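For reference, the chain that follows is the form predicted alone, supplied as C-alpha cells.
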C-alpha cells in the first residue's frame, strides 16, 4: 500500500506527523478543503498558498457527470483541479447517506479513483445515522467491513495509493469499537471515523467524544485518523486532543454561501457584524458592509477565503500548542466558547485514565484552566505514582507554608491540584504548574485527597508525618486528615 506515517511530536493524544503520498507530504494535523468539481469557489492554488497541503473531492460526482468524467480521464485529477499536491477522493458514501442508493459498486469506484490519479482513495461504506437501532447499525458495520476485506484482496492494484478504512457504528459505543478493531486488523493506510456530521450539525459534541474515543482506542497507533465532515475551527483542537489527524472541510464554503463568518469561538451572521475580529487579507481590506454589498458570487468567495484563513490559523495554533505541550489548555479555552463544547470537555475527562497512556510524561508547563484540570492526564498519572510512593525518612513534613525546614529529613510541598510532592522537585514539571492564588474547591479537594493517599500508605509503617496548611485549604477533607491526629493552629502532628 502507498503512504506511510511518521509521528514528529505528541501531546496527550494529539500529534504532529508526516503522511507521505505519491504526490507529496501532508503535515498533520490539517484540513483537506472540499472541492466541488462542479463549482470551485476558491481555486486550489489559492488554497495551497493559504496552507492546504492536500485537498479532497468527490469521485462519484465526477464519475456521474459525463463531461467531468471524460475530462478527469483525459487530463488526470491534478491537472483538472490545478493542484499539484496530494488529492483525496471520497467515494459517494455521502450521496448514499442522503439519497439511500448510488448506482456503482465499491470496486468500480475505487478503480476509477485510481484511474484519474487520486492519491488517497475511499471505498463505499455504509454511513449510519446517529441513534439508529442497534441491529441495523450492526448490519451496516458488517457490510462496510466486508467491503474493506474485499478491498484488501485487490490491494495490489493500489500499491501506490493510500487507502482509507471508514469506521462506522452510529452512536453505539460497542459497534464503534468492533468496527475499529476489525478494520484495524486489515492494515489500511488511514482510518476515517464516519457519519458524525449530524452530531456536529446538532451540536452533540458530548456524543462526538464517545464516538471518536471508542473508535480511536481500538485503532492502530501508527496510522493517521481522519474525522469526516469536521469543518468548523471551533472543534479542531478538541478533535486533535482525541487523536484525530485529518479533517475535511466543506464548511468554509457552505457557511459562506449562507453569509456566515467562521471564528474559533463560533459563527457570526455577516449582517450582524460591524467589525471583522480578524486581520486576514480579506478582513484587512474589506469591512463587513463592503463584503455584504458585494455581488453574491464575490461575497461568497470573500467569506470562503476568510473561513479558510481562520481554519488554517487554528491548525497552526494547535500545532504550536502540541510543540509547547499545552494542547489541554487550548482545548479548555475553546470549549468555554460554547456550552455544548463544555459538555464535551466534561465528558472527555471521564476518559483521562485511558488517555494518560498516550500522553508524554515530560513537558515544560502545566497551566490550571478550571475544574476540569483536576482530572487531566498529568494529575491522574501523579495520583498513581503517589499510591506507590513510600516516605523513607522521618520525621517528614507535608507543608503549604514558607518557613525554615531544617528540622525535617524529608519535606513534601503541597500544591493543588497535585497534592504532596518532594520539595526537590519544586521547579520541575508538573509541580511548577501555574495556578490562581485563590484556590477553587475542586483544586483543594484533589490536593487533600492525594495527601490522604500518601498518609494511608504510611499509617502501618510506624512513621511520623507532620502536616501544616494555610487558610486556603479550608475544606471538609481536612477532617479526613485530622482523623489521624489532633489539629492545632493549622498544624497536624500525624503519627501514622
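Here the structure is a predicted model, which is why all the values come from computation and not from measurement. Numbering follows the first chain given and starts at 1.
One more form of this protein, predicted together with guanine (GUN), exists but is not displayed; see below.
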Checklist entry - Do residue 168 and guanine (GUN) come within 4.5 Å of each other in the predicted bound form, heavy atoms counted? => result yes
Checklist entry - Heavy atoms within 4.5 Å of guanine (GUN) in the predicted bound form: does residue 197 have any? => result yes
Checklist entry - Should residue 127 be classed as touching guanine (GUN) in the predicted bound form when contacts are defined as heavy atoms within 4.5 Å? => result yes
Checklist entry - Is there any non-hydrogen atom of residue 90 lying within 4.5 Å of guanine (GUN) in the predicted bound form? => result yes
Item to check | Proximity to guanine (GUN) in the predicted bound form, single hit among 228, 261, 418, 188 (heavy atom within 4.5 Å) | outcome: 228
Checklist entry - Which of these stretches, 285-293, 346-354, 233-241, 118-126, has heavy atoms within 4.5 Å of guanine (GUN) in the predicted bound form? => result 118-126
